[in-house]
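What follows is one chain in structure tokens, specifically the form predicted on its own.
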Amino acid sequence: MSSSSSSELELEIFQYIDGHQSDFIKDLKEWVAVQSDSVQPDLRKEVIRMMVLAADRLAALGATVNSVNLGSHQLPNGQDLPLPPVILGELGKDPQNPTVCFYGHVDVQPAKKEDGWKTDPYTLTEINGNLYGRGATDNKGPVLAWINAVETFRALKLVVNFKFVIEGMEEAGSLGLEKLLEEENQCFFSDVDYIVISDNVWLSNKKPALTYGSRGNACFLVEVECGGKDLHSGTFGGIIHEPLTDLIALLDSLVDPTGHIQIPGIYDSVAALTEEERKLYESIEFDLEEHKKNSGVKKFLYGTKEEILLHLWRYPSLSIHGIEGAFHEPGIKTVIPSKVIGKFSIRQVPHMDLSVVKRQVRHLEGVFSRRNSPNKLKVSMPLGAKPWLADVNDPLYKAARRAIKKVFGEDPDFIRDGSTVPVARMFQTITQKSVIMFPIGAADDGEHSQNEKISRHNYIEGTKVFAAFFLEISKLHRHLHETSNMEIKN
């Protein structure tokens, strides 16, 4: 495609999107109205209804849609509950065009007006340019923005082949998704070139961002047991090794007051910070004081933007979350608990191996042994999710960067996520394709919180940036193939 024809198409696309704003917002209003809360069993039928709506929307574009039945899962009370299907959609099969697969989810977190919402969470309400409603930014708005962008190309000219993976159980752990991806890897994903996920937000309220990494998470339980029953502290206090005293000593050995993890070897696999990466942090828009204000704390462990972001994104952290079995109700209960369980997690970064981290945490056994306690110790890791890291020099990121510059008029921040994004790692590991996290929501959108919103500006301009991305990835893809063919000939 020539530069002039590309510019003409781009102008047509942006005009189409501006002219259909009201239709796009009407669609979002319809989707937000569905209480597709995947966490609450009694709303599962609403999640399934939402999946039908999404499938119908793709079918209306002319896409081939396959709603894959995942069966059911068992609740803790023994009840079997049907899982919502996963949508596998496809539009366009031109072998000359790149194939881009988009992942999104249409289930939401629980929401009630009495939780502190200013508006009905399931009625999309526009106030001062913001569109309030549960799922507006996480993740119905971005899913629709992508579909809106595809619609624009469907109405004008396809330059990219599209595939869609849309699920309804992300907020409940994406049950059944990983198995489905593995089953479909040789078929559905065989001709996919790039995978795009838009299920996170920018670091700031105004400056766009592209996410290229996230930390993993290893969750641990430390159980200390004395006997079969709780004991009276007046009768036994001072003559036994108390489990809670042992546990507090164990937890205290994990991390020092500066936040440094004291488990031997834990930092051995952390990659050294390169000068190229350090420069990425210098230009990132991040209001340290605003972040402090939002957290409600007076002081962080570090005083500069760069140090804060480095310790949020590319260095591991250890957090202690709670103690099960200890008395925690109001008032005083002079009891010695017979068994207590400490809970902590380690956010691990790329190159850290989960099995190695699990082995390193056995450091607690040495700490416990030095206490000469007769109590029983058990350390376990019930949950572990790996970190994810992409290459910012990948064509996928170059295309997204160009699209953002074209629509928003500035280069994006390249950011990582301090939390865990299992789906990005899942897609990358199973398909071995290039994966990008391409958010369009702002930092103050309140995902999972009261008064969740997406601004009209981000929703509509986000649709444009996805459309511009299609053009850019098409141009880059063709250039790469032409270069590759020339090298083969030479």
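Since the model is a prediction, treat every value here as computed from it, not as a measurement. Rigid core here is just the name for the largest C-alpha set that superposes within 1.5 Å across the two forms. So that there is no doubt, residue numbering starts at 1 and follows the sequence shown.
Absent from the display: the form predicted together with a small molecule. The rest refers to it.
Here the chain stands by itself, but in the predicted bound form one stretch of 94-102, 147-155, 270-278, 217-225, 217-225, has heavy atoms within 4.5 Å of the small molecule. Contact annotation: P422 falls within 4.5 Å of the small molecule in the predicted bound form, judged by heavy atom distances. At a distance threshold of 4.5 angstroms between non-hydrogen atoms, D27 is out of contact with the small molecule in the predicted bound form.
When contacts are judged by a 4.5 Å heavy atom cut-off, E461 does not count as touching the small molecule in the predicted bound form. Although the partner is absent from this view, R347 contacts the small molecule in the predicted bound form, with a non-hydrogen atom inside 4.5 angstroms. None of E171, D230, E184, D193 but one reaches within 4.5 angstroms of the small molecule in the predicted bound form through a heavy atom, and that residue is E171. A heavy atom within 4.5 Å of the small molecule in the predicted bound form is found for one listed residue only; from V356, I127, L301, L383, this is L383. After superposition on the rigid core, the Cα of S190 moves by less than 2 Å between the shown form and the other one. Fitting the two forms on the rigid core leaves the C-alpha of Q109 displaced by under 2 angstroms between the shown form and the other one. When the rigid core is held fixed, the Cα atom of S319 travels 2 angstroms or more between the shown form and the other one.
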